[in-house]
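Next up is one chain by itself, shown in structure tokens, the form predicted alone.
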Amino acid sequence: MISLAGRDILHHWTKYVFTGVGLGLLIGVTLSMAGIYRGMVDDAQVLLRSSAADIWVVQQETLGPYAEPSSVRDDAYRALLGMPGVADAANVTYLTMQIRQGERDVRVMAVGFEPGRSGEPPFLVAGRGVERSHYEVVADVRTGFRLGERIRIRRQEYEVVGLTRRMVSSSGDPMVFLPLKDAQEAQFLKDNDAIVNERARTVANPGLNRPGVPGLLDALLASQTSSRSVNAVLVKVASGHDAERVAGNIRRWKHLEAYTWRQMEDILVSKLIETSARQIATFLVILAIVSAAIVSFIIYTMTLGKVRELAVLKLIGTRNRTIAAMILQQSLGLGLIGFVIGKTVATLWAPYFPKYVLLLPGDAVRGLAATMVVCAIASLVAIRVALKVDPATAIGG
């Protein structure tokens, strides 16, 4: 059979190609939106993997430390170490903040950890790990910090001694790892003016400043300049023990909330990024409708432009099935060109997005199938018009 669709495309190739480019850009945006969602899920999983924990112990009745604020006493880990099935327990803090670098602000998640324990960066791409107990940090390369650079976090200056990669928060902010004591000070300790005012209030309070109780006032004042809280305790489960059972014992006996890996992943994916996922899904539906409208309009226009040619085909005995197949092939060809262009541009511009874009082969296959289905449905209007053409039109009837 003569390729009627191919001959018609060659005759109108300019319109066909430009329409394919426009459709390809829409498909590229669609694939990018799906990649953004995949990237958000991967960011959440990276956050969990970097913690190297089996159980997250947080403040009771909270979803912390990522979804909600959580405050736990920093000596709680000692009690957890004595529980059956607990191999290790380490304190950790998380604080999303702005760090000034020259003329720009860098939004980061500051992670306080204990070297050699859970919560430290799992690998480095340059430099060394934190070795001193104060004033050293390891930063993700996306922060833009360089080895040896000095950055200011709250009231103290820190030296960047190491760099890591793909260490991000659930919202995509790059991480900065610093010693636990420094992180506690940065997160929980008040500024100097607030401390002075609090001391004045404490001294003026007769219930706290009792002449007959020596040492009480000094102890209270000392407590105002130190912090004994962390956001979570990361627990590693001993070999041969069930994480669910260990977490249940922690909830029952230590009056703290404990989440296993699967539960924490569900919190991050189902609660933190649920709204964003719904927005992306809505946007994908809108893009699919717009793409179908574009394909339908251009195929319909091309069909109206060759009514006489279609009438001639009918006059010489061409079957309706052949005419319908020609229009369907044009529509599918337009979708295929658009998909190739869309996949190409999505791959090219993905690294320039501020958030991580993860383009999976499976999503590309599903995208191609969806494109073909949308184009096939969009061709139905043009097919209906073509089948109604009167053969008499070919001879001026």
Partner chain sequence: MNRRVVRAVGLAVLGLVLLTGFVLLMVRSGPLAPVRVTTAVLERGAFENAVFGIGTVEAERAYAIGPTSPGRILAVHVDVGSEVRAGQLLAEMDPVELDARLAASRAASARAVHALASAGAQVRDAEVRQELAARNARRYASLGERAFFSDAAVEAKRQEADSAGAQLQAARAQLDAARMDLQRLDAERVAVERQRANVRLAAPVAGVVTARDAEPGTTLVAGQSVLRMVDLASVRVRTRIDQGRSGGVRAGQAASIVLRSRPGFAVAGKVSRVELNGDAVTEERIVQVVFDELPKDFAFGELAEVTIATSRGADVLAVPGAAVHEQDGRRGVWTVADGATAFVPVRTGEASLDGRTVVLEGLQAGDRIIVHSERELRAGERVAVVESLEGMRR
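Note that the structure is a prediction, hence the values are computed from the model and not measured. Residue numbers count along the first chain shown, from 1. We call the rigid core the largest set of C-alpha positions that still match within 1.5 Å between the two forms.
A second form of this protein, the form predicted together with its partner chain, is not displayed here; the remarks below concern that form.
Though its partner chain is absent from this view, in the predicted complex it lies within 4.5 Å of a heavy atom of just one residue from 156, 205, 197, 96, which is 156. Scanning 165, 278, 245, 201 against its partner chain in the predicted complex with a 4.5 Å heavy atom cut-off leaves one residue, 165. The chain is drawn here without its partner chain; in the predicted complex, the stretch among 169 to 177, 122 to 130, 283 to 291, 270 to 278 whose residues come within 4.5 Å of it by any heavy atom is 122 to 130. Taking non-hydrogen atoms only, residue 228 approaches its partner chain to within 4.5 angstroms in the predicted complex. Within this chain, residue 38 is remote from the site of its partner chain in the predicted complex, having no heavy atom within 4.5 Å. Shown alone here, residue 77 lies within 4.5 Å of its partner chain in the predicted complex, counting heavy atoms only. Using a 4.5 Å cutoff between non-hydrogen atoms, residue 29 does not count as a contact of its partner chain in the predicted complex. Shown without its partner, the chain has 348, 351, 353, 354, 355, 358, 359, 360, 361 in segment 348 to 364 as residues with a non-hydrogen atom within 4.5 angstroms of its partner chain in the predicted complex.
Once both forms are overlaid on the rigid core, the distance between the two CA positions of residue 33 between this form and the one not shown is under 2 angstroms. Superposition on the rigid core between this form and the one not shown places the CA atom of residue 341 2 Å or more away from its counterpart.
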